[in-house]
Structure formats: structure tokens, C-alpha cells
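This document opens with one chain alone, in C-alpha cells, the form predicted alone.
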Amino acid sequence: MKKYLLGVAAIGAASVLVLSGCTGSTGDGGGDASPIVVGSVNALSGAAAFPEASQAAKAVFDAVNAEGGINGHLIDYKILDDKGDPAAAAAAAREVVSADNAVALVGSASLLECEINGDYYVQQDIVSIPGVGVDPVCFNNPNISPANVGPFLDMTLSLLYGSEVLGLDNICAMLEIAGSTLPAYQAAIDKWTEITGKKLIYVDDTVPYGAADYTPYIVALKEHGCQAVTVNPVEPDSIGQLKAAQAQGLTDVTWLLLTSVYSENFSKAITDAGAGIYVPAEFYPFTDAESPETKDWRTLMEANNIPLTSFSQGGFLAATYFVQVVKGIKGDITRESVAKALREMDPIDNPMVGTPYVFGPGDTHNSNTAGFPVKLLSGTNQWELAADDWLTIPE
């Protein structure tokens, strides 16, 4: 297989659970031994819920607390539900930031909370490390820096793998657009064109979430002679699209999908994967059960009965990064000192990611720019590694 941008990621000494050794204080800057308040705003209920990120972050913080906390200060982790509702997301952020006086938000996972609360976080000068950043503001706000790649660069990576590694031509796109995400997805496609000089032959950006019947969209793909299709679906939608493709006889197309479908439930639900489903996993593939890269995360998740998913990987990493940075703060751990430490931090290497994490002082944040390709082939119902190394977007 032709390699393209599959370089060896710089893997340093990974900090997985930092359990001791920093100066701490209260969340409001006091010098006593009261807790350090940390919050998160999440889609815990509603149409698209993914609670694993905050559960994983809590497991990290519980492990830190079990060892005495950070210099004697326990972490009081507040997990709030935005219910997939803008008003609830705004209320949750104000509760944890203003009422609870959190020093930072860590491990959040939501479809919309960055867009709803980004300006408020800037106003309050509180920083957020989402475990799963989804909407465009998560990556274009000076106070937010997610642990994950995000759906937009994930699409760039998916297209790069399809065109440059698999050598596919005649690539089409079906885009499910929520809110104001169309420009971000278009920018992801334009980034791929800039790198490769290639263009998609057909784009449909009218595909609805949760459609009862995807047949008309599949028929259009057939009419345009699509050899491969990139889609940004949630898991149930992708299953529906693949079933519609099978019913219409579109069984020779390659599907270039996103991390949103990378799960064991998805693989078990697929009976016909066409010419193959390929995903650039945002973190080291968790379905590679014996991998040393995910051992510490897997051990902690299994001990706490937390599902093994990309979402729980993101929450785990967000909390891990936060703890490593906070342990280096000299003096009181406050909202101000945490923000300063993250903006001045050195990059952190971790074997679960292909590029080092850094918050930094910029107005935009997307330090995770690598994916590890995995594939699902017809008749296998099992994800397999599709590369020997990370696929990275060139700077």
C-alpha cells in the first residue's frame, strides 16, 4: 500500500495519570485545602448523547483524588447536562462558571455548547479542554482547545487516505449539515484540494439527520459514478445509508467516514460494507485490544465500567492534560493561574495521539491533526488497522 504522510509521530514520555506533586489551592484562589472545582457541559441526554467523555474525565480525577489530590487539594468535578438544547447549554455553563466558580472546564462533549458558550468563556476568561469538540467554535475560540481532531479535519484526513493512500478517484460527498457547520466542512474539503490538487466530483449538502429513507441520495451517487463517498454521519444515519446502498445495488463504493461511526456497535450492525469502510480514528484505535498505546486508558475504563469508545478516550486525555499542566503551577490554582499555565504550556506527547497536545496563546486551537486509519470490510464485522502509523495533515 502506498504511504502518504504516514510518518512516525514523536512519542515522548507519556503522562497518563499524574497523581502527585503540585502546588494547589481552592478554585477561588484561596490558600487552604478546599477542593479545586472543575466543570464540564455535556450532551448527557437528548437526541445525540455521549456521556463517556465526562465519565472518563471523572475516572481520571477520581484516581488523582484517591492518591490525595493535587498537593492535598481534591478535584471537585461538576458534570452538567445541556440536553442538546441551547438554553440548557447556556444555563449549565453559567452554573458551573459563575455559581460553582470552576477554575476550568475539562472533558466536555456536546454538539453545540462551544458555539453557545464560547463568547461567555472569553468574557469570564475561563479555559475549556473539551474531550470531544464538535461544532466549529470549539476550534476557533481563544479559550477552547479540544483534545480531539474534530469532524472537520477528520474529513480532511478521510479524504487524504482515500485519494492518496487508496488511490481512489471519483470521490463524492454527502454532508449532513447542522447549524452553521457547512463553511467548516467546505473548508475541510478545500484543505484536501489544496494539499492534493484534486476535487470532489459531486457534493450533496442537503442530507438530513435521521432521514427515514436515504434512497434518493444513494440514487444520486450512482448517477454520478461515485467510486468513493465521504460522509459525516452520526452512527444510526450511516447504518441507514449503507442499507440503502445495499438495496440499490451500490455495493462497489468505498466509504470514507469519520470517527463518529468508529464503534463496535456500528461494526456489528453492518452486513455489507461495500468496497470497505475507512475511518481515520482520532485517537489510537481502541479496537486494537492488545496495544500498549491504550493500556492505561483501557485499564481505567474497565475498572470503572466505562464504555471503550473514542469519546471516553477524548475525556481521558483532556483530564490527563489538565492534571499534568496544573501540577506545574507554582502557587494558588485559580482560574487565572490555570489559564496562564495552559497558554504557556509545553506540548504534551501521548501515545494515544499522533501529534502533541498544546493549548497555547492563539485565537484558534486544533493541535490534534492526525488520525490512525482503521477499516471495516464486508463480512468481517470487525475493525482492523488500515495502516502502520499515523496519517497527519501537513502544516
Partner chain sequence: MLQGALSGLAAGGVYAIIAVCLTLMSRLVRVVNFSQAATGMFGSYVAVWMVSHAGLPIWLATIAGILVGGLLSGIIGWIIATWLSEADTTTRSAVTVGPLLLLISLSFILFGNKPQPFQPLLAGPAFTVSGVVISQVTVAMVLLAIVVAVVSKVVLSRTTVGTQLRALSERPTTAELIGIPAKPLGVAVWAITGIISTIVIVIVAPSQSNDAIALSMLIVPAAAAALLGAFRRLDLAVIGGLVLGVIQGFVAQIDQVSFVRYFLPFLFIVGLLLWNQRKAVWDAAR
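Residue numbers count along the first chain shown, from 1. Note that the structure is a prediction, hence the values are computed from the model and not measured.
Below, we turn to the form predicted together with its partner chain, even though it does not appear here.
**Student:** Between its partner chain and 211, 235 and 247, in the predicted bound form, does every residue show a non-hydrogen atom at 4.5 Å or closer?
**Tutor:** Result yes, every residue of the spot touches its partner chain.
**Student:** Would residue 274 show up as a contact with its partner chain in the predicted bound form if we use heavy atoms at 4.5 Å?
**Tutor:** Taking the distances in the predicted bound form, the answer for residue 274 is no, it never comes within 4.5 Å of its partner chain.
**Student:** Is there a heavy atom of residue 328 lying 4.5 Å or less from a heavy atom of its partner chain in the predicted bound form?
**Tutor:** Contact check for residue 328: no, nothing within 4.5 Å of its partner chain in the predicted bound form.
**Student:** Would residue 142 count as touching its partner chain in the predicted bound form under a 4.5 Å heavy atom rule?
**Tutor:** Contact with its partner chain, no.
**Student:** Might residue 222 be said to contact its partner chain in the predicted bound form, defining contact as any heavy atom within 4.5 Å?
**Tutor:** The answer is yes: residue 222 has a heavy atom within 4.5 Å of its partner chain.
**Student:** I need to confirm a contact call. Of 165, 88, 269, 300, which residue comes within 4.5 Å of its partner chain in the predicted bound form, counting heavy atoms only?
**Tutor:** Contact check passes for 269.
**Student:** Name the residue from 79, 239, 201, 74 that puts a heavy atom within 4.5 Å of its partner chain in the predicted bound form.
**Tutor:** The residue in contact is 239.
**Student:** Considering its partner chain in the predicted bound form, find the one stretch among 129 to 137, 211 to 219, 114 to 122, 282 to 290 with heavy atoms no farther than 4.5 Å from it.
**Tutor:** Of the options, only 211 to 219 has residues within 4.5 Å of the partner.
**Student:** If you apply a 4.5 angstroms heavy atom cut-off, which residues in 345 to 364 are near its partner chain in the predicted bound form?
**Tutor:** Heavy-atom contacts within 4.5 Å come from no residue here.
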